[in-house]
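Have a look below at one chain only, the form predicted on its own, in structure tokens format.
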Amino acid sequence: MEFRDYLYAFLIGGGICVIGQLLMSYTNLTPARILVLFVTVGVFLAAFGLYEPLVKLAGAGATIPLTGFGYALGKGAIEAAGENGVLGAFTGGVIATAGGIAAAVFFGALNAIIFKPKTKK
């Protein structure tokens, strides 16, 4: 890997995060709505083939943010629909992202076991 690859990942990933921060700071959108917006945008960009060049350019800078999750959902659904028809369109996204979802559940449970939660005062 070259320095340029790291730079692209940082700039693209950081740019996506800056957009999220601007939406939180200057709109009335809640973080949950911004999350849904980013995932949905990732799915639509994957459907129209516009996110793939970004992934090739930025690597993890494009796949780690929430738009990358939407991209993985959309790409999985599109590929499975091509292989399995309508049923694949419903199952492909879940199959494509199962590893990430399982990791989030596992590490969330692990954190709940290790750390004692505290309420805000």
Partner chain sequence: MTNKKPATKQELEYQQLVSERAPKSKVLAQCVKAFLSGGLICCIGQLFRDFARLCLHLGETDVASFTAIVMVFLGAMLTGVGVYDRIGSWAGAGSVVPITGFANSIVSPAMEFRPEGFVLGLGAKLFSIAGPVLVYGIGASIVVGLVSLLF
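In this text the structure is predicted, and so the values were computed from the model without any measurement. Positions refer to the first chain, counted from 1.
Keep in mind that the form predicted together with the partner chain is missing from the display, and what follows is about it.
Contact label in the predicted complex: Val94 to the partner chain, heavy atom within 4.5 Å
Val94: contacts the partner chain in the predicted complex.
Exercise: Gly85 in contact with the partner chain in the predicted complex, heavy atom 4.5 Å
Yes, contact at 4.5 Å.
Taking the partner chain as it sits in the predicted complex, is Pro31 in contact with it (heavy atom to heavy atom, 4.5 Å or less)?
Output for Pro31 is yes: heavy atoms within 4.5 Å of the partner chain.
Looking at the partner-bound form in the predicted complex, is Leu50 within 4.5 Å of the partner chain by any heavy atom?
No, no contact at 4.5 Å.
Which residues, if any, of 55-75 lie within 4.5 Å of the partner chain in the predicted complex when only heavy atoms count?
Counting only heavy atoms within 4.5 Å of the partner chain in the predicted complex, the contacting residues of 55-75 are Ala58, Gly59, Ala60, Gly61, Thr63, Ile64, Pro65, Leu66, Phe69, Leu73, Gly74, Lys75.
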